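Just one chain is shown here, as structure tokens, and it is the form predicted alone.
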Amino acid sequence: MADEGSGEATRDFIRDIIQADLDAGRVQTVVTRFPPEPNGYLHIGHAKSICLNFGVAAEFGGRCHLRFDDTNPTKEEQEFIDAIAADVKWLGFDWGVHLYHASDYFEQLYAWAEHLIGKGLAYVDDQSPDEMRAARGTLTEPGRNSAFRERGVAENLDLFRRMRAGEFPNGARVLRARIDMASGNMNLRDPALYRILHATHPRTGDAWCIYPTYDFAHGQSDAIEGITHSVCTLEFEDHKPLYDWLLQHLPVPSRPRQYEFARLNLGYTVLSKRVLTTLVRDGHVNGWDDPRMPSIAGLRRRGVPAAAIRDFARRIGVARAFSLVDYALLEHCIREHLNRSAPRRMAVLRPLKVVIENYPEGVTETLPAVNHPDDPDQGQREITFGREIYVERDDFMEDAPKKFYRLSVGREVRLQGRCR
């Protein structure tokens, strides 16, 4: 469990890396990015990454890009793109002119795929997904080379161009990198770079029927944008050798470096996008912004201040080790910020009518009450007092014990309200 003091100690891990790069002259301007896939709404776990990427860029005088990883049109929608942009803005971050989409680079990515084919580093594979999965091997056994692995450059280029032209159905062929089917890292066993998907894209429409995989699009998009520090969660640590391999073998304009940190694990909270999507799709909640959801939209609708989420991200810090953050810390941050900012109001939930018999009938008076006891700048409001008032039912007892300081027969009581 993270505590209030742990953030300052663990957050330096990314900061130290960036500072060392600046001191050594490896980096002139810090450029980070937040690259969400628009297949759902953002949740509190994404908030940690948003605050980290935008935060460190601002701290070191750099910039952070918002880039949508829109490489899977079967799951992505414009609604999600709009919601993600709105959530990042609401959290208090601004990407300025640096809003990008992986689809902006589809033509360049395709050209680089042909470059790999021309160098003998990629080939078109006709195996079915099940056949490729079976030939991939296990963590203890090497994979088996595809029968199509030794196709010549000319044949591979012809097939790849025909894939782009739409000659083949979904799943008929994929473009794979030619790396090492015996590698101990499963991600280097000839990973897929392009697959056939006859689907309409939210931005490019039907211009494409082949789409790059995340692994192929991500690092190259970083390079195109001049990203200096690609900061991501530890689930991508095993993908880093492939990230570096692609950058090494392509004529990219820059060489970003990837760094990993532990994702947010919040007690009693489901942060799996797959599960959250199921909750929405099957009608268990009233949309992504249902106040019961851990989505940023849900938290906003619940009344959580953006500043409280930013403070929460700061306090939990950034480390590589797995940790489980107690939900109570998030609640503490929310209460702390609301206590400072929220105007005060009173409500009677279980009303009990009280008649003040020695107060004149038909007469009322207006009294001032402060909106916040510790913040005079929030001003005052007027409350009405008269012969009939309502109190909480639990605040009255006919036969009260000695230390019952609320309303009782024959006792004096003060009504709640601070006036100036």
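C-alpha atoms forming the largest set that superposes within 1.5 Å between two forms make up the rigid core. Don't overthink the numbering: it's just position in the shown sequence, from 1. If you're wondering where the values come from, they're calculated on a predicted model, not measured in any experiment.
If you look for the form predicted together with the RNA, you will not find it shown, but the lines that follow are about it.
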*Among 276 to 284, 242 to 250, 223 to 231, 317 to 325, which stretch has residues with heavy atoms no more than 4.5 Å from the RNA in the predicted bound form?*
317 to 325
*Among the candidate residues 165, 186, 270, 99, which is the single one with a non-hydrogen atom no more than 4.5 Å from the RNA in the predicted bound form?*
186
*Identify, from the list 292, 89, 75, 161, the residue with a heavy atom within 4.5 Å of the RNA in the predicted bound form.*
75
_Contact test, all of 140, 236 and 406, partner the RNA in the predicted bound form, heavy atom 4.5 Å_ = yes
*Heavy atoms within 4.5 Å of the RNA in the predicted bound form: does residue 69 have any?*
yes
*Would you please decide whether residue 124 lies within 4.5 angstroms of the RNA in the predicted bound form, comparing each non-hydrogen atom pair?*
no
*Counting only non-hydrogen atoms and a 4.5 angstroms cut-off, does residue 136 reach the RNA in the predicted bound form?*
yes
_Test of understanding: in the predicted bound form, would residue 214 fall inside 4.5 Å of the RNA by heavy atoms?_
yes
_Where, within 37 to 55, is there a heavy atom within 4.5 Å of the RNA in the predicted bound form? Residue list please._
37
_Large Cα move at residue 347 between this form and the one not shown, threshold 2 Å, rigid core_ = yes
*Any chance the CA of residue 394 moves 2 angstroms or more between this form and the one not shown, core superposed?*
yes
